[in-house]
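Next up: a single chain in C-alpha cells, the form predicted alone.
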C-alpha cells in the first residue's frame, strides 16, 4: 500500500453536493503511512459541520484496508469572511450561491468573450450556472450564444431564462431585439438592471456570471446598492490605455467592498508559426526578434500591444493574475458562430485556459 494508491481511492469521493472529487478540490493535504497506520489529512475551509461529518463518514467507508488503521484528521481553518447576503436574498428571484461580475473600465477588451467562456467552463465542470448580459445599450449575448428568441413570461410578470448548453441565459437583447437601438436615461437603466434579478426566475444556481458594460456607471452603481456581489474579475488588455481605464473600474469595486478575485489579460500575444524548408537548428530574425528554426519549423509569441500589463495590475491590486489569453482566430470565430469555444472544443488550448480559470474560482468559494 502506498500514498498514490490511497489518493486514487480518494479521487472517487466527491465533496457533498458537488460533482467534483476532494483531491482535485485540493482538500487532501497529505496522506501519511506509518507502519500499520494511515492518516488522511484534510483541509476544508467550509464551516458546514454537517458536510464535514458526511465527508469523513464517506472516506471511512471507502478507505478500508486490511491490517491498516485509517484515521482522518481535519485541520481547523479560520472562518472565511462572508458577504452579507440579506439584500441578495431579498432582491434576487431564486437561490444563487455566488454572483460574480466580469468587468473592465474600457470597451473592446473581450470582456463578453471572457464572461461567456468562464460561464461555459463552470457548466462543463458540472456546476449550475447562469449568464446575465447587463449591457443595456449594446447587448451581445444573443450573438455570442447564437440565440434568436424571446424568453417566456409566466404569471404575467416573471421572465424565464433561455437555456442552452446547460446555461441559463438572460439579456436585454432577448427582449428588445438585438438590432433595436436603446436610448435610455440612467434611471431606466438602473430599473432594468434591478428587474433582471427580481423578475427573472433563476431558480437554483451555483454561479451567476454577470457580463457588465464598460465603465463605472448606472449598472455598477445599482449592483453595489441592491445586489451584493460575491466577487469581481477584471479583464484588460496589456496596453496602457486599457489599463488606465481598468484601474478605475477595479478601484470602484474596492470602494464598494466587493472582493476582487483576479485579473485576466486578454489578447496578451499572438502565436506565430511557420515553416522554412531545408533549414534546421538555425536562428532567423523576424520583426526584430531572434527565432530558432528546428526541423524546418519555427514558433514564437508576438506581443500585439506590450507585455506584462495584466501582471502589473494584479500586483497593484494584490490579487492573482488568473490567465493570459492569447489572440486566437478560433476564439473569434466561435463568437461569430454563436458557439462558445469551451463548449464545442473543450480540448482546445484556450478552452483549457478558461477551464483552469473556472477551477481557480471554484477553489476560492469552497
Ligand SMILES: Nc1ncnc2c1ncn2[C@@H]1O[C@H](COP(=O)(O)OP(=O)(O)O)[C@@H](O)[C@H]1O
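Positions refer to the first chain, counted from 1. Model, not experiment: these values are computed from the prediction.
This protein has a second form, the form predicted in complex with the named molecule, left out of what is shown; the following refers to that one.
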With the distance limit set at 4.5 angstroms and only heavy atoms considered, check whether 24, 27 and 362 all reach the named molecule in the model of the complex. no
Where does the named molecule sit in the model of the complex: which of 66-74, 326-334, 310-318, 50-58, heavy atoms within 4.5 Å? 326-334
Looking at 112, 98, 124, 129, which is the one with a non-hydrogen atom within 4.5 Å of the named molecule in the model of the complex? 112
Interface check vs the named molecule in the model of the complex: of 167, 267, 200, 227, the one with a heavy atom inside 4.5 Å is 267
Quick check on residue 108: any heavy atom within 4.5 Å of the named molecule in the model of the complex? yes
